[in-house]
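To begin, one chain is listed below as structure tokens, in the form predicted alone.
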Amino acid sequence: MNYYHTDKTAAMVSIAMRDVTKRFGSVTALDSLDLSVHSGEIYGFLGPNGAGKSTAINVLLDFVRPTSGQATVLGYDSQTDSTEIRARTGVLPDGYQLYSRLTGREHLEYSIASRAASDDPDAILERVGIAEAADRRAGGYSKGMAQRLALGMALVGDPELLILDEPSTGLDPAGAREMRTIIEEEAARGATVFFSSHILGQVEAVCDRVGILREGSLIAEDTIDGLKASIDSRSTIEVTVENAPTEIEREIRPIHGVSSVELSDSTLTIDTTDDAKMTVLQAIESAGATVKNVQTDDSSLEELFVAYTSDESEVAQ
């Protein structure tokens, strides 16, 4: 993906947090957090439960004040200019509560009026996939329908910035795909999208960059490919062979980077580092086997996430 979906320059920053610390009594939720989100990009904010993701979002929106440090959103100070920020930002909070007696359309009409926008509520309801429930009271909505409505309210007025906290909560796979499409459409029109998620596949599918939060600090920030390159990325390769000698496993196992080899029927399954793949294939052919097909299962974002957030992780920030 392109980091910048508009003609804005890399110097433009939609979100900036500088040395932000937030303590709740003896608990440190954010610890000297530094974070920058470029204008026009889709930024995924990852971290285990309790890492501080929601606290960081609440600081940006001035729902909580930092103990120290500074945050700016769209060039405005998060504390002194919160009104200007909220006028330009669409927000989907985690666990948003709807008004049970209002219909879906009435929720949208209220949001449109409060933003002095000119959106068509029915068009938004159609876009988020609940047009058929426009006149039903939100108290009867399923969790997924409520999430779709809350997203629709965040889209009102074509905001410059979308902040989405766990946007896929309650959505089935089809709904999650539709959510990704909307996120990409918003970025394509020039909006910046900042969203937290624990569903790693969602992040990998749409994000330009990813930041990983652990114990209130940003421990990694890069593209998905960049994160993979920064750790000892491993792959499982499945090699279909003909005429494999019985000792072929013994030929491959000593190769540096190979951690396991298994031959089943005519398929070799090999766990190896990325830089050893070619050596492995050359060794297979040198042993007298014929390579018919190769399939690779690269490190997933989930594996990267565990690598960065586990106690054993020694990856530098």
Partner chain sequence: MSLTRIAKKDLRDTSRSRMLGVVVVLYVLFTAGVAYIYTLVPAIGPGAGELSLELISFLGAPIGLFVPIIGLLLGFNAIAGELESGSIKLLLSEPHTRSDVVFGKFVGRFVVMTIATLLGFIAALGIVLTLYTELSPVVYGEYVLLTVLFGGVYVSLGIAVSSLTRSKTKATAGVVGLFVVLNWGWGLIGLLLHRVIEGSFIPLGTVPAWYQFFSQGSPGGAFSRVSNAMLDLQGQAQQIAVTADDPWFLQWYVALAILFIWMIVPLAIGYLRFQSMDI
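Positions refer to the first chain, counted from 1. Note that the structure is a prediction, hence the values are computed from the model and not measured.
The next section is about a form of this same protein that is not shown, the form predicted in complex with its partner chain.
Highlighted residues Lys22, Asn58 and Val64: every one comes within 4.5 Å of its partner chain in the predicted bound form, counting any heavy atom. Proximity of Ser111 to its partner chain in the predicted bound form: non-hydrogen atoms within 4.5 Å are present. Although the partner is absent here, Asn243 lies well away from its partner chain in the predicted bound form, with no heavy atom inside 4.5 Å. Although the partner is absent here, Arg180 is not a contact residue: none of its heavy atoms lies within 4.5 angstroms of its partner chain in the predicted bound form. The shortest heavy atom separation between Arg214 and its partner chain in the predicted bound form exceeds 4.5 Å. Proximity to its partner chain in the predicted bound form, taken as a non-hydrogen atom within 4.5 angstroms, holds for one residue of Asp122, Asp222, Asp172, Asp94, which is Asp94. For the residues Leu164, Met153, Ala187, Val128, the 4.5 Å heavy atom test against its partner chain in the predicted bound form is passed only by Met153.
Only one of 243 to 251, 83 to 91, 69 to 77, 214 to 222 places residue heavy atoms within 4.5 angstroms of its partner chain in the predicted bound form, namely 83 to 91.
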